[in-house]
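Just the one chain here, the form predicted alone, laid out as structure tokens.
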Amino acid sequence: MPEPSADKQFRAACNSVQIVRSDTTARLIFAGEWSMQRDSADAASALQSLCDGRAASVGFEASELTGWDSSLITFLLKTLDQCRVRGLGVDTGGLPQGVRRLLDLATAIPERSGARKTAVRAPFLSRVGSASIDLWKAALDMLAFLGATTVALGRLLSGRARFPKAEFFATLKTCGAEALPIVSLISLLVGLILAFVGAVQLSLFGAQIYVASLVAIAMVRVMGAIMTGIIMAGRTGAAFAAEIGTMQVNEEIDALQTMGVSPMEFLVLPRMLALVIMMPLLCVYADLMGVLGGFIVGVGMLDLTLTEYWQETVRSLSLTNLWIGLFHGAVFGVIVALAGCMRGMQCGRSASAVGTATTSAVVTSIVSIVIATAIITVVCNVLGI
């Protein structure tokens, strides 16, 4: 083989492979340690340089190669594919014997047609149709789960359900007393924010006293329930989905069904009833903390007295607002419990599926809470309450 001249010699900027070209031949010279720990971008640039050349044949030289693994085989297979496509001759005599044997083994059986994954983008109408079908299936699954929960609740009321009381009381504690710190903090801050935003505008008209009415009505009627629902969705709903999803992965739910125990009665009912009972109570507590936050702003920034703020708060509130807030809380409790348990029951059989189910439970709960709030608000407006 004639030595390539200086103007026809090309060396790629690679750490472990070089390309030397002559008039009709391109030689790939491997050197150093060729392993998966090395940067593979050099191999990619070398392969691109080889494809851009005009050589009639390709040879290999590995006298300076100190070590290699499957990354070298992968690069050589890509090189052989490019040579086959471009009709170039290949001489593998310069490669180590072990490399040649692996190449022969890899190319002994031709690749099955259609084995490689190809990125195919479906048409727009096809994607819309698939999304619509998935949405319809999700709605049917939700209705089926709601129906199964209703049947289990009916069996509980008739005394025929297997209801674990220990699980129920443990869930009561988790949903109630253990949630008080985070509910206290968030509700207090929400009351502070409402009072501060209202004070900025009301002080322009000398009507600072109405900050008490603003905070009291907003917290008791809707904001206390909404913030509690969102907190419980991220805290308790996610926990329900993770617990039941992990049981699904470990095949514990299958074991319950094998023993003739209904998972809806044994797992879903205790959690749903506990959250439905505790949510209105947490809403009342959140209302008190929100009013306390408004009181801090009213007395500390607006120079209102304790008596003035208290009297204005009592005068603005009514039992109607309180019952509406409690109804919000009960509805949100049902939504969070059903979303968490449903996503847990629908969990797949892998560890990543548990994370997906948990995320889906939180998203479903929050979206459903917002939608339910809008519906209840419209209904209350139509009824004049």
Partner chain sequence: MSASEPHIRVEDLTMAYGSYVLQRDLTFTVNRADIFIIMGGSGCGKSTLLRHLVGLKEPAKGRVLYGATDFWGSEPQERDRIMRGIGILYQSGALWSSMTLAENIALPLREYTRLGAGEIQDIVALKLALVGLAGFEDYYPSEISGGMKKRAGLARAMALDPEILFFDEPSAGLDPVSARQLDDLILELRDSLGSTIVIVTHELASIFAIGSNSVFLDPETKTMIAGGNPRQLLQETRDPKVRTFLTRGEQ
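Positions refer to the first chain, counted from 1. Remember, predicted model here, so these are calculated numbers, not experimental data.
Missing here is the form predicted in complex with the partner chain; even so, the following discussion is about that form.
Interface membership of Ala255, defined by any non-hydrogen atom within 4.5 Å of the partner chain in the predicted complex, is confirmed. Although the partner is absent here, Lys78 lies well away from the partner chain in the predicted complex, with no heavy atom inside 4.5 Å. Although the partner is absent here, Arg162 is a contact residue: one of its heavy atoms lies within 4.5 angstroms of the partner chain in the predicted complex. In the predicted complex, Asp104 stays away from the partner chain, with no heavy atom inside 4.5 Å. Only one of 90-98, 242-250, 281-289, 218-226 places residue heavy atoms within 4.5 angstroms of the partner chain in the predicted complex, namely 242-250.
Checked against the partner chain in the predicted complex, the candidates Pro181, Gly206, Pro123, Gly260 yield a single residue with a heavy atom inside 4.5 Å, and that residue is Gly260.
Contacts with the partner chain in the predicted complex, taken as any heavy atom within 4.5 Å, map within 262-280 to Phe266 alone.
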